[in-house]
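To begin, one chain is listed below as structure tokens, in the form predicted alone.
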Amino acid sequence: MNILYVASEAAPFCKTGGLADVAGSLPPSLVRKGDSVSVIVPLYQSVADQFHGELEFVKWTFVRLAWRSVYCGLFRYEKDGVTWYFVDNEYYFRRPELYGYYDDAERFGFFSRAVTELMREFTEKPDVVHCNDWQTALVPIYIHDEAVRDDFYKSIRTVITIHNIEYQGRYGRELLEELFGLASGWYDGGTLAYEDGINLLKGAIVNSDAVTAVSPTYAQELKYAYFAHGLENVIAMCEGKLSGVLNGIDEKSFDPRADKSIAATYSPGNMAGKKKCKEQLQQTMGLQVKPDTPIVAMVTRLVPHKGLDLVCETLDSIMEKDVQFVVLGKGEAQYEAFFNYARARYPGRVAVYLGYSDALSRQIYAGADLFLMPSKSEPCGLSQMIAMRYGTIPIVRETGGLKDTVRPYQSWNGEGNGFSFANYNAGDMCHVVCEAIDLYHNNPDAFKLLQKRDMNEDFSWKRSAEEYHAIYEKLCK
């Protein structure tokens, strides 16, 4: 099959979150399954600056955007058996950041229209166009709209993946015709109508041939108002074409046996290097160098849905134990202030880095003993998988992909691969964290067995690629 994967970001070219990891890892895995795969993303400033000499110019043209004709360039790059296409328009994409601009609706409306028109220029016509989140939600709509007039589009099947339904692309009714160039029937018929405006993600869910979420549990959660952010009725209406496919991680990149960012490499059969990584982390972060004191770590955005209010409420109780606490992340001022206060309150025991560093994050994954993710909601989550890959045992709340990847430890038979709690409750979280710390101190053999079990978990993209391939095959029959 010929697959066109459409995304607003993709590693290693441009990244703000987990979508980029998926867009960078899933397509090569599909190629290994025998599919022909292309990926198309915007040519952002960062991509143009870093890969300028490696991109092959394909063509330039004009793209229809409502009443305008807008310049559009197309560049190509071959990597890992995948053909990468980059959509160029410096007015829209030559900016320091990927998102967060007043005209994001116009920027990604242009991108979606460009994808729809440029696919005619590709060597192979796509059988399936796989889109992601609201930034590409107009693509299935444009394909459906064009298919009424143009036979080229009639056989193309579309998939939309919901990475986080909280972000839906909600805009005023007036943009439908003036900006996106769609007839009023798309609103009057209810496809894009939402409250008193339009909702792009809703339109993609209704129009796509298949809808996927990034974990099986998240797919089920989307049926409930708490998680669906107003689209629960739309999800219920489209339940028959909804499925959950758990994301994977790049196991070649996140490999403690070969990672050059960490102090020493190690493997399930030889864990000596993890002790050196722990010592380096303690030295780097200004913690007391105590090899027998467990380190609880968080690598996270400092925002409410990551469960940080539970941490703020219970940190003093946790620190009554013989434990150290490490946080890497940035976000809301209230949480940054709290962790700065905690660092001052517990010198040598709490360490904080307000920002993001890929190298430091890897050192934390390798050097910590326990990894805390008490999220209110977590569609999939990659950090818990990366932590397990490095032999750092996860402590999570049972939601989304966290529930699908972490099986609670059972002391009576030794089964499980981490620790979890169900209710979003500070007391429950504190109990489970203390339980994990106690296991570290009181039953080191069981703790080491969990570490090795975690490192042997299969979080590769092979499984996910097989599930997506099956979805594509079903659509094309």
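For every residue, the number given is its place in the sequence shown, counted from 1. Predicted model only: the values in this text are computed from it and were never measured.
Below, we refer to the form predicted together with ligand GLC, which is not included among the displayed structures.
Visitor: So in the predicted bound form, does any heavy atom of residue 349 sit within 4.5 Å of ligand GLC?
Guide: Contact with ligand GLC, no.
Visitor: Please tell me whether any heavy atom belonging to residue 382 falls inside 4.5 Å of a heavy atom of ligand GLC, as the geometry stands in the predicted bound form.
Guide: Contact with ligand GLC, yes.
Visitor: Give a yes/no on whether residue 10 approaches ligand GLC to within 4.5 Å in the predicted bound form, heavy atoms considered.
Guide: No, residue 10 stays farther than 4.5 Å from ligand GLC in the predicted bound form.
Visitor: Are any of the heavy atoms in residue 19 no more than 4.5 Å from a heavy atom of ligand GLC in the predicted bound form?
Guide: Residue 19: yes, in contact with ligand GLC in the predicted bound form.
Visitor: If the cut-off is 4.5 angstroms on heavy atoms, which of these, 247, 199, 405, 300, is the one near ligand GLC in the predicted bound form?
Guide: Only one option qualifies, and that one is 247.
Visitor: Of 160, 366, 138, 214, which residue is found within 4.5 angstroms of ligand GLC in the predicted bound form when only non-hydrogen atoms are counted?
Guide: Result of the distance check: 214.
Visitor: Where, among 322 to 330, 188 to 196, 163 to 171, 251 to 259, do residues come within 4.5 Å of ligand GLC in the predicted bound form by heavy atom distance?
Guide: It is the stretch 163 to 171.
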